[in-house]
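Before any questions on how it binds or moves, here is one chain, the form predicted alone, in structure tokens.
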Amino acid sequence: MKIGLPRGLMYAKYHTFAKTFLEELGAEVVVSPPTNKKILDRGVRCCVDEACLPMKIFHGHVDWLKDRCDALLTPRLIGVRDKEYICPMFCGLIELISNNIPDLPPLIDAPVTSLEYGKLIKWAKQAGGFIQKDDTKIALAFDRARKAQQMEQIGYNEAGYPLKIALVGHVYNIYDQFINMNVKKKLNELGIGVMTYQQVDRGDIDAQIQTLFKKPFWTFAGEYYGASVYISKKGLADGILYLSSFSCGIDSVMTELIQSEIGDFPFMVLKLDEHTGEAGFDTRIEAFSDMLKRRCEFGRHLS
């Protein structure tokens, strides 16, 4: 059986788990290609106009896969921590692709409400049951997939550059080079190293979240806030670059909260949409780079 795995949304974070789980069950995994202009065009044609860029791109990956597999792994991702949730667009993602893309193969769309072991093994039995009816084999495949995921190192923290910028935002914006126009390469060429927010310990993130007057309703938004504030307070980077999808309601709130907390620490939001012109994007990155370099020189002059 061929199972399609769309290279979009949470693929960047959980692809090792998903691929290992499916292969351990005996399936052949078909992964869509890295995001490109054709994938984007497919998604724009299929998806509703109001959706954000990552949702449109996910539609493009699904559309590319639909005639190349027997079923698609598209979990209904509701939450990854107990009593917390993620973007509401994810909750309706199955309905979106089902109504927007014709002639889809069966969808393996069992809901994920938490990554806590007991709830995730329940998901594994529902999802794995589409391929394998033996619960023992499903449990074994699940345990091997969890171990493989735990071994996966996500993110980077580059050394050897005079300046460093922290990239913050949804993983599909940070690690999809087409979506972010290869921002890491652009920064490196300007003499700036890059770290990702995943380098901050979860305990340190949670400690910063606790200072808010109310706990964030959305898990990932809380992570971005906690990591950004911790990075600024500890001076782990010289500036923060927040990659945000145009029309993302959660980001619009979270970036304001971050800016109000970190004060004059260098912080810039880059909006991402389906318009692929790089001139304005490059100009803003270069301006942010120049500002950081002048700030660094001024600091050395004062000392």
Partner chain sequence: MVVTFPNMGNVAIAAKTLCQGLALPYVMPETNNSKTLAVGSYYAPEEICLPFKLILGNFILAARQGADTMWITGSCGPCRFGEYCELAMRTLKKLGYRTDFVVADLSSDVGVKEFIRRIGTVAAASPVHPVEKLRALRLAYQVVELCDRLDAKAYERAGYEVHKGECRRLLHEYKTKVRKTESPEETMEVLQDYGRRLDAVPADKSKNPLNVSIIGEIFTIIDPFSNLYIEEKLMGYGVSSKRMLSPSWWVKNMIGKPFRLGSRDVYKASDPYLKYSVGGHGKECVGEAALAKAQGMDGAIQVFPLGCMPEVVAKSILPVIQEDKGIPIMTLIVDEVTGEAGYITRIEAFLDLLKGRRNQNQKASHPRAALNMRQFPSKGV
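Residue numbers count along the first chain shown, from 1. If you're wondering where the values come from, they're calculated on a predicted model, not measured in any experiment.
Beyond what is shown, the protein has a form predicted together with its partner chain; the following relates to that form.
Though its partner chain is absent from this view, in the model of the complex it lies within 4.5 Å of a heavy atom of just one residue from P106, G129, G92, P162, which is G92. For the candidate set G155, G79, P111, G193, a heavy atom within 4.5 Å of its partner chain in the model of the complex is found for exactly one residue, namely P111.
Proximity of I121 to its partner chain in the model of the complex falls outside the 4.5 Å heavy atom cutoff. Contact check for K133: every heavy atom lies farther than 4.5 Å from its partner chain in the model of the complex. Contact annotation: G249 falls within 4.5 Å of its partner chain in the model of the complex, judged by heavy atom distances.
Among residues of the shown chain, W218 is one whose heavy atoms approach its partner chain to within 4.5 Å in the model of the complex. Per the 4.5 Å heavy atom criterion, its partner chain in the model of the complex is contacted by stretch 98-106, the sole one of 136-144, 173-181, 98-106, 194-202. By the 4.5 Å heavy atom rule, the three marked residues Y85, Y225 and S245 all count as contacting its partner chain in the model of the complex.
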